[in-house]
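So this first bit is one chain, no partners, the form predicted alone, shown in structure tokens.
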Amino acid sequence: MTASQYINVTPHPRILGVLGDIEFSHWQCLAELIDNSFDEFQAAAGTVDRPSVAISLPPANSQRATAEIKVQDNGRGMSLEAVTNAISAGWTSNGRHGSLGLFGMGFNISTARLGRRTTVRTSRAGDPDWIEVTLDLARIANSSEYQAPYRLTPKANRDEHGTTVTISELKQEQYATLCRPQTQTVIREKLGDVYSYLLAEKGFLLTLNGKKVRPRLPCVWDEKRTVTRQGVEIHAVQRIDRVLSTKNACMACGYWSTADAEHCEECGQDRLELRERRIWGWIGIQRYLHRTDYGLDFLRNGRKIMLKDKRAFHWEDEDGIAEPELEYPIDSGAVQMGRIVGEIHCDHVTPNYQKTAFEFDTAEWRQVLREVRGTSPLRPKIAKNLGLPENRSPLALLYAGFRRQDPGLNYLIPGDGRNALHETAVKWAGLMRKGGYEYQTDEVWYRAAHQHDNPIAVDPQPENDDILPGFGAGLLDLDDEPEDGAAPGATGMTAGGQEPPEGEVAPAETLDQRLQRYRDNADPIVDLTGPYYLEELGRVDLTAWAVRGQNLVTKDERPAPAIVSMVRAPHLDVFVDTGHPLFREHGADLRDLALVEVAEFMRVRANIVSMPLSEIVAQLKSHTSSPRLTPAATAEESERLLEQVRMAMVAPVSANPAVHWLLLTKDERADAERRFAVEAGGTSPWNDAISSGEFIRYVPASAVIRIIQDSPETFLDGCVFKRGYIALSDPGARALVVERLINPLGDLALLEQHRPRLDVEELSRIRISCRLIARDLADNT
């Protein structure tokens, strides 16, 4: 072979500047530099005290001519040879496995995209000098070869070490965007998400303009929380830990060859390293639902490559002939919301050069998906119809346990006794991520789910005529009031609310003890609880309490149906005495009165007493998660309750389905079949629904009412409704029990079937009917 047979392919020096045209977002550019520092920390294996990276971006009031971007770490630093390799285009000390930095071009792309001049300053502990190397892209492009001058600067302290990358002569568009405070906030949040595992688990510290980048921690139910489906207890978090066979990793091209291979089976090189492979992590149930904020994170060497990915929620046949079919979420109505999240580590799978996805056509990636979601559809009936085995994967278990979004403990969804509190649950997640102490565990969400199943409006005596919200167990019995009218626990009582022994003088109850006594005898009103911010009046983090059996008094001992107390700003408690005559006898709404007290507190605190109180209440009301009294909201509430009634009727109807089927008219049967065709998805025959009693889920509301009227003994006495029936011997009494149930059901049926135009008073009546039915249901989960 002679020299004439070769063509010189050495790139022109201008290539360094051209690399800056490659599309990388701002956070990606910074991440490429952070990757190098984090690689160094992991290679140092704990020898660096508190591994830290500090990013400095130009402030909003800076001048572009002097603005700089700095990324500084306290790693071990580099020798002259190492820094030469680090800034050389295409060179990398990192193999294709075992590090964050890959492909050897990330440094040049990110620095060239941000500015035209880059200086690297580095030194190792014990070295006498700092090494400063400058890459001036304009000067290099005008030269015939790559030339980057460097100089040595004596160190004041030889123990100093680390590396600083400074980018100057920033490009106009990059500078204009990066100096915006909002852009910096977005970058900080994005980096906190991408590096959450390394920041939270490895103790790495990352700051941006002096402010700590906080890891975005998952807001999931505790692993101990469970639901039961068909006798199987399903935990809210499923662990995955699959050790794969050891293979030879090619450090040149990244291909995995067999353990006994001597050369790469893909590129033929002998740069092979025998490595263990493992797929591990978890998938679980988020404490809130969201339209987009859910999905699985996939990580490589601790950095998230894919965030909130929803690929695993689609089923695709192995031949790949049909389009992937979405399996989750599919049960949340017109607006689909999901809550399955996870963190899957798969260090052995190759990502793309932008580190935003994996190579999906590789066997390694397909194996990761199989470990997470299995190979069969998540939907058991679909799998059965296709002749495929039942899916027992971790994702299939969560799907079986938590696919529905009904409020209550049955699906771990916070609720207020009537509706799910989706927006409130999201707000609590925001407080959790801001460090709110009481939101770090899932107790707040769990209490709300429990309260939904045990609403504060529940009357322990079914025959009680009280129907307003907040009036439930433990109401103060007026006949038991002391003759002198003294409020139990208000004054003259011990801190525990007990009368002192005769002859002894009780120590005065402190304000804190009094408030704690109120809390000990109260249930939280979850739809009022949460943060409120009004532009002119500031912020409060409100906790609302429905207090029973305790007469409330203000700080100066004045009795009141509702009081507020701010023990520590911005946390504000509002207490409402559910036994006060204002609610028991005059029918005032305790939620509205609670907001009046909060509004007055905020108005006085801000010293803006001229602001109309009613306007403040209106603004606060708009922030609550209480359902609005609109036709749409009331209709949705009615339909949800009727669906619960139908679901509860399936079991008693299935005992003798033919009898109840014959009670339907010809038109009602046709209506039920049409509804079945639309809602059941055609996965099971209609005849099966008739023979199993499932048909009751699809019959018109008017037919539901008639069936209950015809055989109340089948559905009352705790079967579907709590009301007692069989024990009554008088036919008139039995008829009254049924009538009291049917009347509110008729209101719900009217709204579902006819959607009439209703004024506020009529909507209020239906809202009360909804509450009566919810109170009467034996199991409203």
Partner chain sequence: MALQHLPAPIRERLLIEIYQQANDMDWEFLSNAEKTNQYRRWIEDPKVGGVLLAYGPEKDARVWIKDVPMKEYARAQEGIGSYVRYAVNRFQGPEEIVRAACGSGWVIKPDSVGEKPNHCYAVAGEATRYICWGRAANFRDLIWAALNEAIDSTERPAIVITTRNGETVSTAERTRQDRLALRCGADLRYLHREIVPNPDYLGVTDGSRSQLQPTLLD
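Between two forms, the rigid core is the largest collection of C-alphas that superpose within 1.5 Å. Positions refer to the first chain, counted from 1. Bear in mind that the values here come from a model prediction, so they are computed numbers and not experimental data.
Just so you know, the form predicted together with its partner chain exists too; it's not on screen, but the next bit is about it.
- The candidate spot formed by Ala54, His161 and Arg568 is fully in contact with its partner chain in the predicted complex: every one of the three has a heavy atom within 4.5 Å.
- The closest non-hydrogen atom of Lys212 lies within 4.5 Å of its partner chain in the predicted complex.
- When its partner chain is considered in the predicted complex, Gln174 lies well away from it, no heavy atom lying within 4.5 Å.
- The closest non-hydrogen atom of Glu68 lies within 4.5 Å of its partner chain in the predicted complex.
- When its partner chain is considered in the predicted complex, Gln405 lies well away from it, no heavy atom lying within 4.5 Å.
- Exactly one of the stretches 516 to 524, 600 to 608, 72 to 80, 252 to 260 approaches its partner chain in the predicted complex with heavy atoms within 4.5 Å, and it is 72 to 80.
- Contact with its partner chain in the predicted complex, judged by any heavy atom within 4.5 Å, is made by just one of Gly268, Pro149, Gly387, Gly435: Gly435.
- Interface residue among Leu205, Met647, Leu244, Met105, judged by heavy atoms within 4.5 Å of its partner chain in the predicted complex: Leu205.
- If you fit the rigid core between the shown form and the other one, you'll see the Cα of Pro380 move by less than 2 angstroms.
- When two forms of a protein are overlaid on their rigid core, residues whose CA moves 2 Å or more are considered shifted, and Arg539 is one of them between the shown form and the other one.
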